[in-house]
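Only one chain is included here, represented as C-alpha cells and corresponding to the form predicted on its own.
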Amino acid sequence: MIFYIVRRLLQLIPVFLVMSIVVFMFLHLVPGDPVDAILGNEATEEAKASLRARLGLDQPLIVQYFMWAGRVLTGDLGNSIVNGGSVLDTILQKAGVTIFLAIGSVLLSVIIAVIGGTIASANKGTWIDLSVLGAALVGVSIPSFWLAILLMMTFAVNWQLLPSIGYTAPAEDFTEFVRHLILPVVTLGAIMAGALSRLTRSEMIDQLSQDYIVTARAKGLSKFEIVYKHALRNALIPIVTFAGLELGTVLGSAIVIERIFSLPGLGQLIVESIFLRDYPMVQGTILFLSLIFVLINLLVDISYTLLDPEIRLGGEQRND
C-alpha cells in the first residue's frame, strides 16, 4: 500500500503542472487590470507603471508564470496584490469554514441517502420506494441558490429560528457555530442526498439480487441482517466513491453558498479576489482546493481496502 500511495503522489506532479498553467494563463486573460483595481482609474500612468513593475506585471506572461511556479515549489504562494498579506496564511485562515461546510454537507447527504436508499431498496415497488424516488428527484432538480433562499426565508426570516448570514468560530461559541452552519449544510446536503440516494437504491437492489443473498435467505437470516449486514456492506464501495467525488464538488459549490450566507470561507475569498483582480490569491486558492480534491480521491481509493479486504491497491496480489 505504501508503494501505491507514493506512486499516486508522484502522479500528482504532472496534474498540478498542467492545472497551474491553465489557471495562471486563463486568469490573466480575464479582462481588467489589477493595477487599476488597486490605484483606481484616476491614478497617473507613472504611478501605474511603477506599481506594475513592483508587482512584476510588466514581465511577459511566461516569465510571470515561472516566477510564480518557482515560489510555489518552495511552499510560497506569494502575497496578495491588494493588501500584501501572505496568500497561504489567508487561505489557511479561511479554509476551516469551507472544510466544516463540506464535511457537514457530505455527512448529512450520506446519512440521508444510505437510510433512504436502503429502505427504498428493501421495499422495492411499494409506496415507500416511490416516495424516496420522488424526494430524490426533487433534491436533484432544485438549484442550490433557490433552496438556500427558500430555507433562509422560512427558518431565518419567517420563523426566526436560525441566523440567515454570518459565521461564528467554534472556539468562540460552539452553539452559534452550529446554528450558523445548519442552513448552508442542509442546502448542500439535501441536494447531494438526492443523487446519492438513487445510487444507493440502485446498488442495494443489485446486491439483493445476488446469489449470496439467496443463500442467506435460505439459511433463515432475518431481513435486517440480509439488508444491513450483507447487502449494504457490499454496496458501500460505489457509495463511498460517489461521496468522495461529491466532497470535491462541494468545495466548488461552496462559492455560491458562502456568498449567499456570507460565510468567510474560500468560496467567498475567490469571488472577492476575482473582483479585485488579485491574481496570486485566486491562483493560490484554486491550487489549494485542487490539492484537497486530489487527496480526497486518494483517500477514497485507500478506503476500499477497509471496506473490502479482498481488494488490493495498485495491482497487489494476495498471498494466501
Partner chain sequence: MTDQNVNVSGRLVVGRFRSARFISGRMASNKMLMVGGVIVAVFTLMAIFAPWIAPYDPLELHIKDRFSPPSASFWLGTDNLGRDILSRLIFGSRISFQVGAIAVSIAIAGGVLIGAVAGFVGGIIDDILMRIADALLAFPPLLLALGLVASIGPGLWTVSLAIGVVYIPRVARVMRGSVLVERKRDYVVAARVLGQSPWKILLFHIGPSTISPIIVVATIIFALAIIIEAALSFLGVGLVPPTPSWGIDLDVARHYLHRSIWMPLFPGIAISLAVLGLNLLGDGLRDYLDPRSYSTNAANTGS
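Predicted model, so just to flag it, every value in this text is computed and none were measured. In this text, the rigid core denotes the largest set of C-alpha atoms whose superposition between the two forms falls within 1.5 Å. Positions refer to the first chain, counted from 1.
What comes next is about the form predicted in complex with its partner chain, which is not displayed.
Contact between A47 and its partner chain in the predicted bound form is not found at the 4.5 Å heavy atom cutoff.
Although the partner is absent here, G85 is not a contact residue: none of its heavy atoms lies within 4.5 angstroms of its partner chain in the predicted bound form. At the 4.5 Å threshold, heavy atoms of W159 stay clear of its partner chain in the predicted bound form, well away from it. For V18, a non-hydrogen atom is located within 4.5 Å of its partner chain in the predicted bound form, even though that partner is not displayed. A heavy atom within 4.5 Å of its partner chain in the predicted bound form is found for exactly one of L276, I286, A69, L57: I286. Just one of L130, L107, M153, I115 comes within 4.5 Å of its partner chain in the predicted bound form, counting any heavy atom, and that one is M153. Contact residues in stretch 14-31 (any heavy atom within 4.5 Å of its partner chain, taken in the predicted bound form) are P14, V15, V18, M19, V22, V23, F26, L29, V30, P31.
With the core superposed, H28 shows a C-alpha displacement of at least 2 Å between the shown form and the other one. Fitting the two forms on the rigid core leaves the C-alpha of V18 displaced by under 2 angstroms between the shown form and the other one. Core-superposed comparison between the shown form and the other one: the CA of V271 stays below a 2 Å shift.
Distance between the C-alpha atoms of P34 and R259: longer by at least 3 Å in the predicted bound form than in the displayed form. Look at P31 and I257: in the predicted bound form their Cα atoms move 3 Å or more farther apart than in this form.
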